[in-house]
Structure formats: C-alpha cells, structure tokens
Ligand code: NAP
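One chain is shown next in structure tokens, namely the form predicted on its own.
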C-alpha cells in the first residue's frame, strides 16, 4: 500500500468534502461517505480523484450500525487497509425553538447520528485495525468533528448540543483506550462555518462575527476545517492525543 487510506463520513458536501480534499492533497486515498448514493457524492469523488489519488464513494447511513462492518470492508477492498477514520457526519435539530418543545424524534435523531454512530463506527474501525499488521511509516488516527456546541449551550438547539457533548466525551474515552495501541484520537470543534447546514443563519452570524462575536472577525470555511484535520491525520501534532481543537476563530475564548 502506497497511500494512507481515510474514510470520511458525511463527505459529499460541506465540511466533510473539505476534509476529503485536504486529505487527498496530502496523498491519502479517500473513501467518501454519504447517507445514500447521489450525483453530488459521485461528483465529490471525481473532484478528489482529480488531485491524483484513489477515491471511492461508500454510501451508507451511519446511524444503521449493522452497515458499519460491511462499509469498512468495502473501503479496504477498494483502497487498502484503513489508517484513518474521520467521523464528520452529523445532523441538526428538526426545529429550532424552546427546549420545552423538543420532540423525542428530534432528540433521538441527533443522539443517534451525532454520538451513537460515531462511537460504534470508531469501535468497528479500531477492532479491525488492531487485528492487522500496520505500516510503521503511517500515522493512525481517529478524528471526530463535533462542534463548539459541545461546550457552548444554545437554547434553541438543546438536543444538538447534548449530542455533540456526548461525541466529545466519546473522543476522550477512545483516546484513553487507543493511545497504547498507537492510535491517536482528536476532537475538532468547528464554530461558525459556512456550509449548507448553516445557510439559513450564516449571514446573521457573519455580521455578528464582524462585530466581535469571534476574535477573528469572520465566519470560517469548510476548507479551513479540512486543513486542520489533514494536519492531525498526518501526525503534524506529534506526541498528542485526546486534544480538543477549537476551530472557532476564538469564539469560545473567555473575555470581559
């Protein structure tokens, strides 16, 4: 195997696609996951391939735990043994509003996609990796993309915040377990990033960022999160694991 191999969930667009492109620029072979096979997913794979690395579409619903093992097998049959898992797939709330009005459906959806699926896909990846011989020149890692809302409460998205806080703790627990196995685990917490998911509110946040909500007076871009993940996945932060990377332009820096 001449390339490191990464599986990026939720990679057909937005932050996940930015991550896939950044990893490709570092020479990774990349498996791009989307919930279903789509023209957008196939187009994203083609754009990654244009960077000169192998890429493949691996459509499956991360919330369906029964599909995790077969998805990993499909990646490895196409690209070779996985070295890197990027858990990026996520959903927002069904409706923003009063916590007193949160539905069980919205709560379960956020927890299942944003936290439960991340835990079990990481477990499956780790179990498989530990049964294989590993190339000493490669860096092995799990990188979880959570949110600044793992820390910062948002009254109108309580179920989203709870799911991201859970995902952040999952990252720490796997860091504890996997460090002795030579696998690093990181939690990247994006703040205000311009994506399809944030399209309905990003203009408002851009104005608030320019007015001082973030220390860097603008919203972030998906390719910036991609650059952060690529640096982590290539071991450019040596002797680290379990770290939280606040990719938020200084949003959560305490000040008065």
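Residue numbers count along the first chain shown, from 1. Being a predicted model, the structure only gives us computed values, none of them experimental.
The same protein also exists as the form predicted in complex with the ligand; that form is not shown, yet it is the one meant from here on.
The stretch in contact with the ligand in the predicted bound form, judged by heavy atoms within 4.5 Å, is 195-203, chosen from 208-216, 226-234, 195-203, 48-56. Although the partner is absent here, residue 15 is a contact residue: one of its heavy atoms lies within 4.5 angstroms of the ligand in the predicted bound form. Of the heavy atoms in residue 146, some are within 4.5 Å of the ligand in the predicted bound form. For residue 171, no non-hydrogen atom is located within 4.5 Å of the ligand in the predicted bound form, even though that partner is not displayed. Although the partner is absent here, residue 43 sits far enough away that none of its heavy atoms falls within 4.5 Å of the ligand in the predicted bound form. Checking 91, 102, 151, 154 against the ligand in the predicted bound form, a heavy atom within 4.5 Å turns up for just one residue: 91. Applying a 4.5 Å heavy atom cutoff to the ligand in the predicted bound form picks out 33, 34, 35, 36 from 30-52, in order along the sequence.
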